[in-house]
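Only one chain is shown below, in structure tokens, and it's the form predicted alone.
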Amino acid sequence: MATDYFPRLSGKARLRVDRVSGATFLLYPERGLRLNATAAAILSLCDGCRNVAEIARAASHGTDIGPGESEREVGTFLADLAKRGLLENGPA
């Protein structure tokens, strides 16, 4: 995914935290994905104001993951969600 892409959740997708388990889910029509903590943190940064490189930097802060590796992994994750129509490009 291009680093100049400014991802945000599409209108049909919502992040929700389950009150009982505390797990975060990405919900969309008739489906849902249970997210791990890293995926939930990445998607919480997808507000249309940060580009992929900025999101990757924030996600890797405090870890031993290098910026190049983080950008590739975050980019791949976000590209997969964009292919599913769950992310769009642009300001929030």
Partner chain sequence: MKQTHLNGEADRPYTLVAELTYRCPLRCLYCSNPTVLSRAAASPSPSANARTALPAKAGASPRAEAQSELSTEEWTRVMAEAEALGAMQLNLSGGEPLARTDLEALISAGRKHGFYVNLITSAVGLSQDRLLNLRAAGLDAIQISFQDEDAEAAARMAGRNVHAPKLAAAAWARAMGIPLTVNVVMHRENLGRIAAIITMAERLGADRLELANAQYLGWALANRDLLLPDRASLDRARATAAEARLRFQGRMEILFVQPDYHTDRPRACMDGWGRRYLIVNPYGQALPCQAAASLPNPVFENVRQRGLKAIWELSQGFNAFRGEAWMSPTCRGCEFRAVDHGGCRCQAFQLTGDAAATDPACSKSPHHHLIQSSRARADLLAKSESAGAPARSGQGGASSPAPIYRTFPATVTVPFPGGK
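All values reported here derive from a predicted model rather than from experimental measurement. Positions refer to the first chain, counted from 1. Here the rigid core means the biggest group of C-alpha atoms that line up within 1.5 Å when the two forms are laid on top of each other.
Below, we turn to the form predicted together with the partner chain, even though it does not appear here.
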| item | value |
| --- | --- |
| Candidate spot 29, 42 and 82, all three touching the partner chain in the predicted complex (heavy atom, 4.5 Å) | yes |
| In the predicted complex, residue 33 touching the partner chain (heavy atom, 4.5 Å) | yes |
| Residues in 11 to 25 close to the partner chain in the predicted complex, defined by a heavy atom within 4.5 Å, in order | 12, 14, 16, 18, 19, 20, 21, 25 |
| Rigid-core frame, C-alpha of residue 69, shift of 2 angstroms or more between the shown form and the other one | no |
| Large Cα shift (2 Å or above) at residue 80 between the shown form and the other one, core-fitted | no |
